[in-house]
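This document opens with one chain alone, in structure tokens, the form predicted on its own.
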């Protein structure tokens, strides 16, 4: 159970300095009129508290877009396991926390990924409450409330932040307890409940997710896949922005003389034409329809079979970033559910 306190928004500078005492603070920063990105910050004024979704999710902090695994020179081979400095990741919303939890499960499963875990264990994660926009559907995915993957979580309750401390790492940050941290009372608890109740009512885009496995099994040949596949550009935009897409490729980069080189890991996408291509010039998913259907199924069904979790957290990034307007997950699911309902009516007629 979380340890709960509060502090006034006027004292945020004190809280920020406390985070800095742990390590470099990374937070959402405005990088264009419409876009935000997790970047290092040195003062609270740099933080974009209004940021709802960053271009890339928090996974980039622990699973870089490209990194060196090993390098060699002559007969010498060097392992490049990182030794990261302590850092703070501030401003992570509930859906992204759920995404981090899924990534933690993936990269800690045997054999564990030492690169990911080294960065993850060196990071203090501070969550922050938010209000949804028209693209958010985390309430449909059960990721609209902070359940895990954070050390500290802040909920906006007006003039104060309601502070929840969930881990030993979070507790150590407040030991000894600083003066700006105050004890909560019944009114604070009520304000906390009111915020989450009002937030729940603010969602405008949603669907029922309890029958997704059945829907994706029964609607695998639905015409919607052909329709979307014909518009898909196979650009792969939907995968880097997804908080839980973790596919990567491993490539060897050799010097011209062949005496030195490195083995690199870089992000890959199941939407690329060559992703499922194997020797013998055979491709398991040769067309956009095959690849798009696979991605949807993995997000909303496939991972559920093994882990009991869906890997879509309802953040809306894929919908916002898709140039062909086909990654409207809510719209697609509603269409599939409607088709299934029609089928049931026909069977009962």
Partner chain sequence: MSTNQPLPRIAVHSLTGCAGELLVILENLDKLLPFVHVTSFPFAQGKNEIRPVDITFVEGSVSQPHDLEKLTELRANTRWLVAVGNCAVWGCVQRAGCNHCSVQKMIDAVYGTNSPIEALPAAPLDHYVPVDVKLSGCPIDATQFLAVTANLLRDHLPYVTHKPVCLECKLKENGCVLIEKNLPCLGPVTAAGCGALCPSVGAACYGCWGPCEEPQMEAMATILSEKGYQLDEVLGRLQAFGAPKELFVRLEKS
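Residue numbers count along the first chain shown, from 1. This is a predicted model, so every value here is computed, not measured.
Here the subject shifts to the form predicted in complex with its partner chain, a form of this protein not shown in this document.
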Would you point out which of 130-138, 153-161, 249-257, 92-100 contains residues with a non-hydrogen atom within 4.5 Å of its partner chain in the predicted complex?
-> 249-257
Does residue 291 reach its partner chain in the predicted complex if we count a contact as any heavy atom within 4.5 Å?
-> yes
Residue 52: touches its partner chain in the predicted complex, heavy atom cutoff 4.5 angstroms | no
Applying a 4.5 Å heavy atom distance criterion, does residue 323 contact its partner chain in the predicted complex?
-> yes
Partner contact for residue 268 in the predicted complex: its partner chain, 4.5 angstroms, heavy atom = yes
In this chain shown alone, the residue from 145, 195, 272, 203 with a heavy atom within 4.5 Å of its partner chain in the predicted complex is 272
As a check of understanding, the residue in 224, 181, 86, 235 with any heavy atom within 4.5 Å of its partner chain in the predicted complex should be identified as 235
Within 82-110, the residues that have a heavy atom no more than 4.5 Å from its partner chain in the predicted complex = none
